[in-house]
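Form predicted alone, single chain, as structure tokens, below.
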């Protein structure tokens, strides 16, 4: 079959088109690029130079080497579900889309591991192996469409990370294309604890600034014998918050411990999966325990009693799997559900000590009052991972900026109580300057020095993760460059 003629006269577009199997595997027309001008963080948008769709590691390496040799900025993109702007082409990058690299390469049940390409969808892995009695633990809210490669870049978490950890706890090996086009393998044969530096831990969560992952060996788990979920309604947020601490203090480690406030409940009840939560309730907890069947009933009774001790209005365990699934469907759509009650919303992602929940939620409420914007709270209460959702209307002049200021103020509150500015959504461009809430200039410089080892020309996903350097840092870098030369 004759190749479709590329209309572009741009020499780089023409060259890149020869590195993929089909001319349809590159987009360069303005109308085609609009869909790639942002990810799930839609406040900022920028147009890429082109979008290329490789089908294997060899093609990725060739594309990266071409970009490196011709000083073209580039970045990798998965499903575009990221919430911090990590896949936005700020510098007119060539986007290397991984969506065609979507194979499940192997499953090794005996050693409890699977090998996937980066475009393989998170939930599809569990659905593929569930009939064999296994599943993949990391479960971000977007798991039905987000890719495991993107999960690695952001070190994604999810509702069940309290007990099972985040993505980095389930990665055993990576194949990575470095920013110069070289290909390396980390964790050979799925052995994560190789001698030497923990490069798996370094790459996971590096937000696509150190290399492009092209193959991933993940840990898979045996399905628990039993799981049960409890739903509790509280008339005061403070009582719900105290119940969270009391459950953990009682020695119970739930698989998930989620909380929603009144505004968040309003959103989920107005959206696609309402379950009949009371409209006047101030907070709810969704608590799940799993494990050996013999011990589940005792844990459920303990949780029910803890909630009753904190003035719970109503608390009960799901009567069957259908009700349990309905509660979780309602919770999983929490972010998107805000669109049912607000034209626009900004999702934030901070982490605090559990004991600070009442204090921080009170301060977030004050930020809401001062800004004049509603803020819904829906979050992983068990590990203190908050998700304030700032509701606004971008059509009103100045309201977008006001929302971003309110979001930053929420993160400052988290940092001030001994927490941090992100638990699972990453920094991207959204929280770059907020990195100064938790790191000194010297600490930021140490991290950018690591980036420079992998990505010395800063062509790969530049402008992400780290704040604009202060003048002192710039002077130090200039002096270092002068000394080398």
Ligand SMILES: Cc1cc2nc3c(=O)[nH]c(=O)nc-3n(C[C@H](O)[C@H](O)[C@H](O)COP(=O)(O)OP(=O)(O)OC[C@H]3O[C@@H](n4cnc5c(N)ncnc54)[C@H](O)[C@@H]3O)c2cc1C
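Residue numbers count along the first chain shown, from 1. The structure displayed is predicted, hence computed values, not measured ones.
The same protein also exists as the form predicted in complex with this ligand; that form is not shown, yet it is the one meant from here on.
Colleague: To verify the annotation, which of these, 229, 141, 330, 241, has a non-hydrogen atom within 4.5 Å of this ligand in the model of the complex?
Modeller: After the contact test, the surviving option is 141.
Colleague: 76, 315, 386, 357: which sits within 4.5 Å of this ligand in the model of the complex by any heavy atom?
Modeller: It is 76.
Colleague: How about residue 213: is it within 4.5 Å of this ligand in the model of the complex, going by heavy atoms?
Modeller: Yes.
Colleague: Given that the partner is absent here, does residue 267 sit within 4.5 Å of this ligand in the model of the complex, heavy atoms only?
Modeller: Flag for residue 267 set to no.
Colleague: At the 4.5 Å heavy atom threshold, is residue 380 in contact with this ligand in the model of the complex?
Modeller: Output for residue 380 is yes: heavy atoms within 4.5 Å of this ligand.
Colleague: So in the model of the complex, is this ligand close enough to residue 207 to count as touching (4.5 Å, heavy atoms)?
Modeller: Close contact exists here: in the model of the complex, residue 207 approaches this ligand to within 4.5 Å, heavy atoms only.
Colleague: Just to confirm the contact call: exactly one of 436-444, 42-50, 65-73, 421-429 touches this ligand in the model of the complex at a 4.5 Å heavy atom cutoff, so which is it?
Modeller: Going through the listed ranges, the match is 421-429.
Colleague: Can you work out whether this ligand is within 4.5 angstroms of a heavy atom in all three of 87, 158 and 335 in the model of the complex?
Modeller: The answer is yes; 87, 158 and 335 each reach this ligand.
Colleague: With this ligand taken in the model of the complex, which residues across 145-159 come within 4.5 angstroms through any non-hydrogen atom?
Modeller: Sequence-ordered list: 146, 147, 149, 150, 151, 153, 154, 156, 157, 158.
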